[in-house]
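Consider the single chain below, provided in structure tokens and representing the form predicted on its own.
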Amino acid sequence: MTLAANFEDTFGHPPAAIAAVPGRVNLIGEHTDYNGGAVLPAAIERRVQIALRPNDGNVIAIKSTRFDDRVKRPVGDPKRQSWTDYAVGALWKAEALGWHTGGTDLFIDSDVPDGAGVSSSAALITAILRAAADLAMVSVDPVAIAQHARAVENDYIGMPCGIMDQMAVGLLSPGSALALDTSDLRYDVIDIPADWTFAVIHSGIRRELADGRYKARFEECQQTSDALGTDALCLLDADQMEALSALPANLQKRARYVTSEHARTLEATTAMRKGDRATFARLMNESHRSYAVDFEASTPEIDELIADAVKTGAHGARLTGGGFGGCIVALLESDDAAEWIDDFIARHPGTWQV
């Protein structure tokens, strides 16, 4: 059935608004978005679709194709550590913006996996905000939608994320990448070269950004920024770089990672524009090494997957997303991609293509 038909079958009336938003994979530039640096995410083929309609009550009724039960929560309900928090938080924000008020019937149809580092939460929040704005007949710039979606994660969910995910899912379509400067939100949409394929492979290790490790890295970066007197850890000057040596070893390592990752991302963006696959691949490999050693956000299992990916024909590979699990991304030649992916997954039971 179509999304609209599923909605009507569930709630007994047609939806008033529908929206669809893709997931994203970050090609390079991890944890730089909340440190004033550059990022380079790309849209994936998977997407979140939502349909909604105001109801006459004070209840948010949520049905997802991913779960059996229909969930009901009161309007304004605080977070509960539930998958429905992202939907309730998005509607909370829509009401604060004057786009929607009262109860809502909401149907979610998503093939974007959660806990995989491909922005399922940002896609869901963005889709709901976009549908709410349409319903209110409000024209909203995609950048403003991204800022509101980030506010849901920061203020309602309590996740101190940057704005990369929300910008990527709101501005991209598959086949394109977003060169984003998070210090001022200047961006450029780049076509990925036709002979490049980025394979996104789930490691089989599920991770939750809310489990504390992402927040711990965020706080270490904030501590380092505070100690150096900067709001942009990615953009340290010579004096600040010299002052790093007086900080604890873990903070030195975090700064070393984000400053080098920012530089790699700028170089990788230039390489993509030129179609320079060799340089882009080298930067992916360097990015993963620094992510594992300096940011300490990888795992031994994922490091083994990365090593095997490069050994067996990937030009470059790295862990993508917030770290500690989720997906790897590998750069392949398009003509060889399908066979390489099948062989890789066959060698590593428990992995699967996103």
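In this text, residue numbers run from 1 along the sequence as written. Bear in mind that the values here come from a model prediction, so they are computed numbers and not experimental data.
Note that the form predicted in complex with a small molecule isn't included here; everything after this is about it.
Looking at residue 152, you'd find every heavy atom of it more than 4.5 angstroms from the small molecule in the model of the complex. Contact annotation for residue 316: none of its heavy atoms lies within 4.5 Å of the small molecule in the model of the complex.
Contact annotation for residue 161: at least one heavy atom lies within 4.5 Å of the small molecule in the model of the complex. A residue is said to contact a partner when one of its heavy atoms sits within 4.5 Å of a partner heavy atom; residue 324 fails this definition for the small molecule in the model of the complex, lying far away. Annotated contact segment (heavy atom within 4.5 Å of the small molecule in the model of the complex): 163 to 171, selected among 70 to 78, 163 to 171, 130 to 138, 236 to 244. The partner is absent here; in the model of the complex, the one residue of 214, 92, 280, 107 having a heavy atom within 4.5 Å of the small molecule is 214.
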